[in-house]
Ligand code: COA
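A lone chain, given as structure tokens: the form predicted on its own.
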């Protein structure tokens, strides 16, 4: 007998070697490497290679991978023209989905998939992954300037992925510390098993749609406030609280009304999200390195303490969104660019799952439990 499970909670949808979660112990691992270990020691380029290929690269493999990423950063003027015609007031995630889908019309992307044949060209999948991953950051940074009426800042091939992303946002070459912070943020957000956006990528990829459409589907899914868009809501929430002294009264009211506490709780974790733990540590280091404790961070710390007293018994702790938006705010990144940066990072995971899906592909076709009317006879409109 069929059983309906809302949201497919706990229902296996695929087999994967890419990442794993131990929700009881609060461990997230990419290909067997704990996330805090990678965030502390790796780079986004190295982590992306790991996700796409299964193992950490040696020095020559990493050098070649970095070279390929750098050589594919620029996008054609046609894509830039499309972006210029979009409303400047539109959300960057809507731009990103549009631009990524449009790139499929200007760059070859489906020749290995045409006709529904199984794709056995490993080089094709790898090359498409590198091209898309490289250009995601370019699109996000281009929009930051285009929507303000300026020409995009051209990418530089002498900078790392994180440094070039920051440089393209405002034309200023970041220092080593700022680059390291961005690098760690990209690593932390790169992959998280079969979440909603990754599942969207799997479903779209299973139809043998082009990788650009696979990515566009994932981007659209990530945009929702119950997924990637939650980091924006956290910053709005903390500004609404307006200081640590207001936390208790604000939380009492929210809990009494059974309203959402943004950034709190995660379906996979019964303890604090390990990414939130690392982001909090980064925020604390930011305060020591860059100056005073921000009001947002003070409020967040107090809110976490208050929620632990009230919600920890239910297994509700901060997730990755709770501290990421605060750190991005301190870095001077506009609030509506938080989720696009999430998409830039998560592209590595999406592409890894797309590649894995193609190795043993079968189109997704779940069933349903019908709850509608029995078969009925059609009657003339005058008799209804």
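Positions refer to the first chain, counted from 1. The model shown is predicted, which means the values in this text are computed figures rather than measured ones.
There is another form of this protein, the form predicted together with this ligand, and it is not shown here; the text below is about that form.
Query raised in the report: Which of these residues, 358, 316, 69, 29, gets a heavy atom within 4.5 Å of this ligand in the model of the complex?
Result: Contact check passes for 316.
Query - The unique member of 82, 105, 311, 196 whose heavy atoms fall within 4.5 Å of this ligand in the model of the complex - result: Looking at the other structure, the residue within range turns out to be 311.
Report task. Choose from 153-161, 134-142, 226-234, 292-300 the stretch whose residues reach within 4.5 Å of this ligand in the model of the complex, heavy atoms counted. Result -> Contact criterion met by 226-234 only.
Query - 4.5 Å heavy atom contact, residue 321 and this ligand in the model of the complex - result: Judged by the heavy-atom cut-off of 4.5 Å, residue 321 is in contact with this ligand in the model of the complex.
Report task. Classify residue 265 as contacting or not contacting this ligand in the model of the complex by the rule of any non-hydrogen atom within 4.5 angstroms, answering yes or no. Result -> Yes, residue 265 sits close enough to this ligand in the model of the complex that at least one of its heavy atoms falls within 4.5 Å.
Query raised in the report: Does this ligand get within 4.5 angstroms of any non-hydrogen atom of residue 259 in the model of the complex?
Result: Because a heavy atom of residue 259 falls inside 4.5 Å of this ligand in the model of the complex, the answer is yes.
Report task. Answer with yes or no whether residue 101 is in contact with this ligand in the model of the complex, where contact means some heavy atom within 4.5 Å. Result -> Close contact is absent here: in the model of the complex, residue 101 is far from this ligand, nothing within 4.5 Å, heavy atoms only.
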